[in-house]
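Before any questions on how it binds or moves, here is one chain, the form predicted on its own, in structure tokens.
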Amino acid sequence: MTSRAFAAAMVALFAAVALLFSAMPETMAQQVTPTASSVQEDELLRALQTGENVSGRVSIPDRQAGELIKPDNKGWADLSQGTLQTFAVGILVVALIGLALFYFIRGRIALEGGFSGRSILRFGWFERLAHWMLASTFIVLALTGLNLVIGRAVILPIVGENAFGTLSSWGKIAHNYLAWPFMISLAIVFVLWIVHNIPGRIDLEWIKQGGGFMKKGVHPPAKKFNAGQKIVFWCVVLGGAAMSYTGVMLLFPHLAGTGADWQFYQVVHAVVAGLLSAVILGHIYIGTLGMEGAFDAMGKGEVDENWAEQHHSLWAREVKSAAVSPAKSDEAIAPAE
């Protein structure tokens, strides 16, 4: 084939292809237009105003990711950024004001007989390790969670965008990963102390007398844990379990179910965290500033004998009788001289 013949053949081929495309129906041409059926900007703006659902097609397994606009989410966003923020700030402010008033009205609960200089072992090293792991992880979780709720409104204006972004990024990592040692220590504490935190009749008497907090010189009898400590224990166990379950649902949204389910778990998580934080503030106050000699129990594991007699008289007698019993038994079997 000569070069002229080849050129003529190519011209004829291109002409045939052009004639074929020009003969295609207009509807077929529209079908191959990639943006013909896409959502336009004006449609998105109209959906925002009218509350319509806007969804698209996704190739990933999570079909819910195709929901671009969902009217129900606006109500949840308003709840998270409005009501929950007010609740979180309000309950902490109320708790702090209540503790401050209690301190200025009642004052620090003093050790009336003074320190005897004799100590009683209250908590072993493993109990204190579990307690401090639970306490430290909860404090970090509470602070980083509070930052997610009110950080943008309170902390951002103070530290600026760059510092707030860095703080929030590290806070999110800490919140996600410290949740696991929190759950482990919560389970350990439950196993260690459940036997001492079963409510009994003696707890009713302790509650009737206000735990001895309202009047000086009043010291209702108590075992290793009094009624107030039992209330804190069950708040921590039940509240911690609720936060752990809902937290796992938030970490793994595919386990939560629908988007509405995830939003429900998020609200429960935030509400329980706020309530438990208020309880823990009271617990921290009593264990440090509020009661003389109380910190020694978790600080060094031993408490003064007078402190034990004043606040946990039944437990103190049990410990002292157990320590004296072997000596008495040795005297009983010793031969007379």
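For every residue, the number given is its place in the sequence shown, counted from 1. This is a predicted model, so every value here is computed, not measured.
There is also a form predicted together with a small molecule; it is not shown, and the following applies to it.
*Pick the stretch from 84-92, 173-181, 224-232, 100-108 whose residues have a heavy atom within 4.5 Å of the small molecule in the model of the complex.*
So the stretch in question is 224-232.
*Should residue 297 be counted as a contact of the small molecule in the model of the complex, where contact means heavy atoms within 4.5 Å?*
The answer is yes: residue 297 has a heavy atom within 4.5 Å of the small molecule.
*Contact test in the model of the complex: residue 255 vs the small molecule, heavy atoms, 4.5 Å*: Contact check for residue 255: no, nothing within 4.5 Å of the small molecule in the model of the complex.
*Does the small molecule come within 4.5 Å of any heavy atom of residue 79 in the model of the complex?*
Residue-level check for residue 79: no, no contact with the small molecule.
*With a 4.5 Å heavy atom cut-off, would you call residue 269 a contact of the small molecule in the model of the complex?*
Close contact is absent here: in the model of the complex, residue 269 is far from the small molecule, nothing within 4.5 Å, heavy atoms only.
*Just one of 265, 206, 138, 164 has a heavy atom within 4.5 angstroms of the small molecule in the model of the complex, so which one?*
Only one option qualifies, and that one is 138.
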